[in-house]
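The chain that follows stands alone, in the form predicted on its own, written as structure tokens.
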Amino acid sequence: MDVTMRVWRGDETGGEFRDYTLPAHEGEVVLDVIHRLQATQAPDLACRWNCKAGKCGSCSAEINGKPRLMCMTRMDHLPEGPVTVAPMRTFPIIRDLVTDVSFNFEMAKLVPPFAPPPPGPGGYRMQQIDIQRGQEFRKCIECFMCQDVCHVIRDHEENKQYYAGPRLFIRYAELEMHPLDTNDRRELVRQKMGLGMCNITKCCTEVCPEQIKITDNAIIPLKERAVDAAYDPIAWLGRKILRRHKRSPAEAQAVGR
């Protein structure tokens, strides 16, 4: 029995899908077949991969139109007929199945770092529930498939520089929900990271290989926190009083003038 792979070949200037037919082997995943293609019919086929265990996120591609990890997609779980393998559509193509995902790393540089207070007697103390809440977000393998399917990034190129995307939103949520963090990033995600542009369609959650509930557990709570910080009058008054108490004597005297 043979299998037909319809693989996109090309670079940033253009390209096309090419069909390759080769014998089917039992138990293979898509990445296995791509490697066999490289070894036999297409030695110049570019493909990014690393661990082959679903933990590095390198081999992301669109298989039969849906973003998947090639190393975790079994051939015998796909419908009969040609298997289409294409690069992630949202990001610029470097060559063949390799895309330029550097946009995600540039946006990651804008995330204010974790800033714990000085440790008290006995060090830091946290409740187990606080650890478990953030653990879900730390499961992210940065495959960037959630970024690939996000229509705010995919369909509106002009939004990229103003929109962090679901992968970075779970990073912001992880930090904001950490009980020991002292940074306040709520105004940043609301004003400069484009949190309000997300309309919570949950397409990012559907493709996450780690089953992170990106929309329900990260984006929606982050939206609530950002809105409370910007529009809740009681919270605004509390912050104003708190800032007044934190002023030095010189600052208080200057304000009094």
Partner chain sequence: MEIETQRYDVVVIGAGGAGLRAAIEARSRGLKTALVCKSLLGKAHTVMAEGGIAAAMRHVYEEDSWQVHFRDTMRGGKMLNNWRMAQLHAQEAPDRVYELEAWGALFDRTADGRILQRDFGGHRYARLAHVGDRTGLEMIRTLQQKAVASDIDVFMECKILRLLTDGDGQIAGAVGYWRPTGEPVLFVAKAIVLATGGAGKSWKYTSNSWECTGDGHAMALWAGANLIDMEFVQFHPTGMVWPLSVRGLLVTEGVRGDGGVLRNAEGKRFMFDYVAEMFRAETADSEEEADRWYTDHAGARRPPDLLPRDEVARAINAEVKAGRGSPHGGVFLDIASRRSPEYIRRRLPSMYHQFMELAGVDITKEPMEVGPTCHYFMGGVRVDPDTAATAVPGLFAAGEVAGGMHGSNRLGGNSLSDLLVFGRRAGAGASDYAEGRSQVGTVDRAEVDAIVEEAMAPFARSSGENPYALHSDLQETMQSLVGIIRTGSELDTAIEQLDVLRDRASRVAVDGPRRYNPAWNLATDLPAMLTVSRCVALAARERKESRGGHTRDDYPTADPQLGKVNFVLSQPGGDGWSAEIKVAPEPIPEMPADLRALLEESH
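What you are looking at is a predicted structure, and each value in this text was computed from that prediction instead of being measured. Between two forms, the rigid core is defined as the largest C-alpha subset superposing within 1.5 Å. Positions refer to the first chain, counted from 1.
Not on display, but discussed next: the form predicted together with its partner chain.
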>> For the interface check, one of 183 to 191, 108 to 116, 147 to 155, 79 to 87 should have non-hydrogen atoms within 4.5 Å of its partner chain in the model of the complex; which one?
In response: 108 to 116
> Considering its partner chain in the model of the complex, which of 45, 207, 195, 218 comes within 4.5 Å of it through any heavy atom?
Replying inline: 45
> Do residue 57 and its partner chain come within 4.5 Å of each other in the model of the complex, heavy atoms counted?
Replying inline: yes
>> Test of understanding: in the model of the complex, would residue 139 fall inside 4.5 Å of its partner chain by heavy atoms?
In response: yes
> Does residue 128 reach its partner chain in the model of the complex, with heavy atoms at most 4.5 Å apart?
Replying inline: yes
> Quick one: is residue 160 in contact with its partner chain in the model of the complex, heavy atoms, 4.5 Å cut-off?
Replying inline: no
>> Under the 4.5 Å heavy atom criterion, name the residues of 79 to 95 that approach its partner chain in the model of the complex, in sequence order.
In response: 94, 95
>> Please state whether residue 124 has a C-alpha shift of 2 Å or more between the shown form and the other one, with the rigid core used for the fit.
In response: yes
